[in-house]
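This document contains two forms of one protein chain, each encoded as structure tokens and listed individually as structure 1 and structure 2.
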Structure 1
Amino acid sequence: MLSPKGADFMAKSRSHAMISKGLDDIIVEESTISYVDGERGRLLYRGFDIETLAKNSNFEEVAYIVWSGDLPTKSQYEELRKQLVADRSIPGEVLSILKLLPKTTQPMDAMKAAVSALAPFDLELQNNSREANLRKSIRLTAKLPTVVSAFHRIRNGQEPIQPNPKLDHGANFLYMLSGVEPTVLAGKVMDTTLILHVEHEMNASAFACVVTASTLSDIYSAVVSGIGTLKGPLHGGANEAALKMMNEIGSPEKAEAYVLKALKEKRKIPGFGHRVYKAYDPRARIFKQYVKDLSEAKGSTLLYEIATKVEEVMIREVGTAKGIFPNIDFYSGIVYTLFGIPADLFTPIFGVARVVGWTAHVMEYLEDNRLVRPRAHYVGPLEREYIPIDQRQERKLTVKTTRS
């Protein structure tokens, strides 16, 4: 039995607990990696505006900025690019694992399996110094496009394509998917796509990586945690839903009626709204322009016209009043579709880029590490009586089970 003092403490703790479901607005660390200004619709990587980087930089340079905190010199940039190119290939054993997976495997599960399999091949796996973790971050970033493209081709009965050392990160990824060198426009768009997905503060997958790293596990395990978290449709995958919606609408003329009906029925419009942004997501603005450019280049503007009509109606009906505007997922799925990329690769592409941000957060957190160990507010019964098994009465199970 609890003492009177203990019982009194338990009663007070059960009635005064402050619970933040979803950890909304809970600050878990100080960071210099990225800043999301949700009220003004701005995103900064290490102080550099995302729109400036998208216009003037490239993926390799942005990766350097996020990892190191500053712009690289020409020699530093060339050295990083050289390392990324050199580390693109994956071991034959890992390729064999990808070939053994069922063809119905979700690409995110294939990515998760591949990263787990890559870990033992890294001779620095157990070295948790910042220098070693940076080298491992480069290797992971270099290999993930190869993993995703190889599995995609394998499941379609095709042989994986070796990386092309002459191509930049984004262009090489498109090349490994299709076997065709992309146009200059396509290479630029994919490069920018990866830049826009590199980092976004302490989101669910970044936090998952930090939780794992805080136990002093290895950085591969941390990235596996990030991939597993990103797989969930509430984090990654909204662009698939947005694209599906646009295909259901079918034409720009039907967009307004569709949106108004959905709002009346209190259904969410995929690709709109954000936990942090209360203004137009700057990444969505960049994607929108690229959707227009790609659509016009391909002579197929249907999806762009549907999307812009949906946006127009949504902003008119709820945008200004409730701060619900397009987010990165609204237009990104159209970009991938124009590249001929299937919908179930949309989230893996997110992971291909976000590994830079994940590993940056891991390295930053480990500089002043503290084990992440939150508490749960217990609301169950106290001091129940244990009854010997022979004296227990038969009763039906109250836990629902699903038979396979």
Structure 2
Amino acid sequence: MLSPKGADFMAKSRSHAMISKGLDDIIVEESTISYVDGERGRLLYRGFDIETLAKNSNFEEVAYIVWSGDLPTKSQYEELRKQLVADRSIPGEVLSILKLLPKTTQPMDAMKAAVSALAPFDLELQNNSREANLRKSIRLTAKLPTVVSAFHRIRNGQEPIQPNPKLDHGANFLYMLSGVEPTVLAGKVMDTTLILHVEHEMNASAFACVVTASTLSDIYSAVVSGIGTLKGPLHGGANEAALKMMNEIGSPEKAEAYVLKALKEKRKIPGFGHRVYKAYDPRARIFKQYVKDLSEAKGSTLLYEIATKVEEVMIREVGTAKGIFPNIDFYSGIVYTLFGIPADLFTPIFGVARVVGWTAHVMEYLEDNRLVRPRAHYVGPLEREYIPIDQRQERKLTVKTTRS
């Protein structure tokens, strides 16, 4: 027999009114971290416009803003920068684990494994105070570029490169990937790329982090959940898919036919559409300009031309009607390609930056924690008869779903 509370839930649940597939528009907390204005295509970190930050700030300062809620003074900025530099190296044991992984391991999976392995080396792992979580957030943010670049070099049979304390976060990341100190422009572009990926409200990966943290697990486990969630092609993995599509299209003249065929077959074009933005994603606009400038500087504009043609057709066909515009993932892959970065590192780069937003959300949520525990709408049978195994008739095993 169901309890009165259970029966009441079943009755309400059966009305279907409580179901929110994909949690569309469900608000799970009040937050001061970022504001996404989906109608006007604006993004603010702690009240600061992303376009202003991309132009005037740098990754380290943006990390300070997102974690603390305000602009740092000069000494606060210097202190955080020093800490981010000091925490860059990873234990030899974690490097050994990266060396033991199959060379075919996807970098996102290597990143997940490395963050899991880093956790026990952090002496503050079980301390869930805000102060300790901030120190761990700084450590994780400092170490992720080292993890991604070390794994990339190991899988190519190269030795990992030690971090260079003289270089900023983004420039050092590029240096550790290639072994070559980047130009000022390349360092600036990578830095801006990281700024644009730092934070984006309660998206799927941030929510995954919060769900894990809400059980009072540790912040490393929360970040592992975030990495696993970001990996999917409907989230961070779309940048790789978008580049693959542009390569498949091959030339701007073929873009229109490709898009029209995909739309006719009801296929989604990667790098377009967003659950919140129904206008042009402001991050995509900044990336588009970078792609144009870098492509022209390198004399290699093919991908840019294909991308702008795809965009033109998409906006004409579904843009205004359905509110489908390029998102951050559409142009970002071209920027990385122009840097010579392989496609399977695009999503890890996203994670290298987004760890700031994930950890900010975890710290904010824990200030007024409530275990995340939704319900499911049960549509299966009730009160079934249990038949002893030797009395059951032979039949093919079937698993019924709500759709079968």
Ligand code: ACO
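Between two forms, the rigid core is defined as the largest C-alpha subset superposing within 1.5 Å. By convention here, residues take numbers in order along the sequence of structure 1, the first being 1. Nothing here was measured: the structure is a model prediction, and the numbers come from that model.
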Quick one, which of these two is the form predicted on its own?
1
Tell me whether residue 276 is among the residues that move between structures 1 and 2 (Cα shift of 2 angstroms or more, core superposed).
no
For residue 130, does the CA position differ by 2 Å or more between structures 1 and 2 when the superposition is done on the rigid core?
no
Can a Cα shift of no less than 2 Å be assigned to residue 318 between structures 1 and 2, given superposition on the rigid core?
yes
Please report, in Å, how much the Cα atom of residue 251 moves between structures 1 and 2 when the rigid core is superposed.
2.3
